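Only one chain comes next, encoded as structure tokens, the form predicted on its own.
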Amino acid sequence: MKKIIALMLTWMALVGLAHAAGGGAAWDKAPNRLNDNAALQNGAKLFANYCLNCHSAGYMRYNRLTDIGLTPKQIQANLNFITPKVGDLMKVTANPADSAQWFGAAPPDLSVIARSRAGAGGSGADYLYTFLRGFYRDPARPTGWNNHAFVNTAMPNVLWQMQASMNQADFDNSMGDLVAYLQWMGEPSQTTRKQVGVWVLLFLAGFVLIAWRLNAAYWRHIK
């Protein structure tokens, strides 16, 4: 838990400094697809192919993806390109020191990135949705790319080839799926937690009603 909090604080500090130094675009509203397993599966595929090369998700195991409808065989064949076991953590093989030298900062772990970036501009999902769609060419930057949401980001646009092959609507839709997966990964049990919470509240409401009627029936015969 301490490591997760430290990662959250580090990422928030980096993003906060970038906004303070150069501003940033208003955040767009991310689509809510937490209950859409097809979208989450596509997001997981995009994450494994485009993000997991540099960014780890060191607090998530591959086999947890069975929660979004994938089988262990599908996960191991299509998403786990690094380890021989489906129960392993989503870690990268890149050396953090090398990554820091290449990009100027080590790529942060993305396990809880969607939860860490919520702020006045919107939810963490809103920020990520805006960030992933906000890259533009900037010859002044070492990577040749900059970002409207995170000014002077060290991250290059790893999605540019996919973006070039799609129209804007299709690319936005894909980024919506990726953001949904990142949001789900930050708390895989959140949908279940909310569903259980609703049932608990309904139970308590029913119990209060029964207790109220029992109380009225009991005191009716006492003078």
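Residue numbers run from 1 along the displayed sequence. Since this is a predicted model, take the numbers as computed values, not measurements.
Heads up, the form predicted in complex with a small molecule isn't pictured, but that's what we're talking about next.
Using a 4.5 angstroms heavy atom cutoff to the small molecule in the predicted bound form, all of 54, 103 and 159 count as contacting. Contact check for residue 90: every heavy atom lies farther than 4.5 Å from the small molecule in the predicted bound form.
Contact annotation: residue 108 falls within 4.5 Å of the small molecule in the predicted bound form, judged by heavy atom distances. Not displayed here, the small molecule is kept clear of residue 75 by more than 4.5 Å at the level of heavy atoms in the predicted bound form. Mapping the unseen interface onto this chain, residue 154 counts among the residues with a heavy atom inside 4.5 Å of the small molecule in the predicted bound form. Heavy atoms within 4.5 Å of the small molecule in the predicted bound form belong, among the stretches 193-201, 30-38, 176-184, 61-69, to residues of 176-184.
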